[in-house]
Structure formats: structure tokens, C-alpha cells
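Below you will find one chain, with nothing else, as C-alpha cells; this is the form predicted alone, and questions on how it binds or moves follow later.
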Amino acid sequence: MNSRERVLAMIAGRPVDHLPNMPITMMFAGDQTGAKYRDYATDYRVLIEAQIRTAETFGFDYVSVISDPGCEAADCGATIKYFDDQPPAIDETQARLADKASFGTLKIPDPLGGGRMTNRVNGVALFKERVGREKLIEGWIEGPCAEAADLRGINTLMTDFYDDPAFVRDLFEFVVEMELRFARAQIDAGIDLMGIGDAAASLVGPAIYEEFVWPGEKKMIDGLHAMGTRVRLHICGNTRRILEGMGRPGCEIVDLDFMVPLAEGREKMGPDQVLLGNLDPVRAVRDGTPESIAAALAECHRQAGPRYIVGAGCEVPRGTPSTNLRAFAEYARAHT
């Protein structure tokens, strides 16, 4: 059973030879090749080389085109600050939709129009050529709340929920349509699984989540399933108040960050949901030891049960000792 087969079997509920191993790496991956992070985020060839090397060196079962949340916003005309060796950052002081009136002029960018979306699609195609039979290929899009925050500014969006709910609904509709077009291009290029990053959703309460965010996520996830792909939902932060909602749309994989006990995720989402996570990326992963990581993963596995994929709560930080990251694969290979 190779890596791709292993993850697909876990998702489908079939027996696996051992647990899949799918930690998120971005800056850590870039460092494996000595790449500057600006190049990792903006040149798919640099990202693909770094991801493949990281997966092969540390026993990952997948590769991913994830780099930063500014991809779609950049193609929408947002102001992005680029740094030599840090992730690109959206300049919220000049948010693309700082003036709501400009929403009427905002058009969905062409994912194949030559911008940052195209760079990601090209990365998927190169993954397919290089490792498509051996490793699971993960695409990536922003979720409705995260992308709305990228376009409007996160603090402004949070007040919009109260001040102008109709605008928020219209903005979420735009985002869902844009992301599904972006997803279609990545699916056509060869992904096996689509990651949805909706970090901003962890900042709202359950009432706002149910009224605004969940319907957008559900529509996005249904659209992805209709296109024939699988879905991984990743919401960073403390999601304990929205766990039940996160489990309802039928994602093949749900990530839980370290603030959320996997036992609570299992209780709220039922026995069949595949859970991924959820070691503290800094205290447990970067600052831990192989022995403490193995013990922490064992506890995660105990809480999650057999429908479990090994991983951290969020991105593995740069500077993590190689021996610590290898401990993930060592645990995965020793357990089913």
C-alpha cells in the first residue's frame, strides 16, 4: 500500500497497513531546499520541489499546494505585501473592499488567467506529473469566512455581521462561487483532495457560525463533492463551540487545532468522521522531543479512535528539529 492508497483507504473506511501521516508544512518545507519563502509562495516549481523533498524525507503521505491565504485576494486586486523570507501578508489598511460600494465592481478572477491562482493550478499539474501515483495531492482554497475577511478586513467583517448582514451574505455568495471556480481548475489539474482553510470562522460565536458561516461552508463543500473531489476542512483556533456544525457537511477529513480535545470532536461528529491532528505546533512539536511527541500522538489516537490521521494542530513551525518531525512517521507506521 503506497501513500496515496493509504489515505484514500482511510477516507473510504477500508483497512490500512498503518495510519496516514499528514502534517501541514509551509515555511518548514521551504527551508528543506534552502528556498526563500517569497519564492516558495509565488513560484510553483519551488513549492513542488520543497513539498516533495519534505514528504520523502519525513514520511508524509501527501503533498500540498498550500502556501498562504493571499492567493485569491491577490487576483481580486488586494494589496499584498511580499517579504524576502516570510509569508505574503494582505494589507488590511488598504483592504480590497474597504469601501463596500466597490463590491459592485468586483469580478471573479479567471483561475487560469496568469495570476497567483494559476501558479497554484500549475503546481497541482506538476505534482500530478512527479508523484501523482505515489502521494495524495492536496489542493487548497479559502473558506467563505476567511476569504471574506481577506477582502474586507477581518475586524470590519466582524462588525458587518451585525451592521450589514445582507452585505455579508452577498459577499459569501461571491466567495463561494469564486472558490468553486478555482477548485474546478485544481481538480482538472489532478488533485485528490481539496483543503478548505477557514481560520476566521473560529472567531465567531455559534449563532453567527450557524446563520452565516455554516451555510457558506456547506454550499462550498457540496459543490466540491458534486465535482467529484474529497474535502479536508481546516479551521485554525478554538472551534469547540462549532464542532457539531463542522461535522455536519460530510467532509472526508476534519482537522482540529490543539485547543480542541479530539475526544470532543469525536463526540460531536460521530464515529465515522476522519479526524486529523492535533499537537500544539510550538510547545509539543517544535519544543518537544521524539518521546514526548510519540506519547502525545498516542493520546490523540486514543481519543480519536481508528478513524484518525496523524498530524499537528496547524502548520509545523520552521526550526522544528528533524528528529521531532520524523517521530510523526514513526508513530504512524507503528499503528493502525
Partner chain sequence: MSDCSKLTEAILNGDAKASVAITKEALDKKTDPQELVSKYMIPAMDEMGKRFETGDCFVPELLISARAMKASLELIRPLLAARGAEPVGRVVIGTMKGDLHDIGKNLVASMLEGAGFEVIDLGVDVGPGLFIAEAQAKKADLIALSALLTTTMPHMRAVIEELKKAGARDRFKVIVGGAPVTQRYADEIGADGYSDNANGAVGLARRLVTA
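Numbering follows the first chain given and starts at 1. The structure displayed is predicted, hence computed values, not measured ones.
Just so you know, the form predicted in complex with the partner chain exists too; it's not on screen, but the next bit is about it.
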Position in contact with the partner chain when the complex is considered in the predicted complex, options A95, V204, A185, L193, heavy atoms within 4.5 Å: V204
Contact assignment for the partner chain in the predicted complex, among I66, I48, V274, M27, heavy atom within 4.5 Å: M27
Residues D85, D91 and I208 all lining the partner chain in the predicted complex, heavy atom within 4.5 Å: yes
Non-hydrogen atom contact D163 with the partner chain in the predicted complex at 4.5 angstroms: yes
Touches the partner chain in the predicted complex: M158 (any heavy atom, 4.5 Å): yes
Contact label in the predicted complex: D39 to the partner chain, heavy atom within 4.5 Å: no
In the predicted complex, A294 touching the partner chain (heavy atom, 4.5 Å): no
Contact segment among 58-66, 265-273, 279-287, 303-311, judged by heavy atoms lying within 4.5 Å of the partner chain in the predicted complex: 279-287
Partner contacts for 298-336, taking the partner chain in the predicted complex and a 4.5 Å heavy atom cut-off: P317, R318
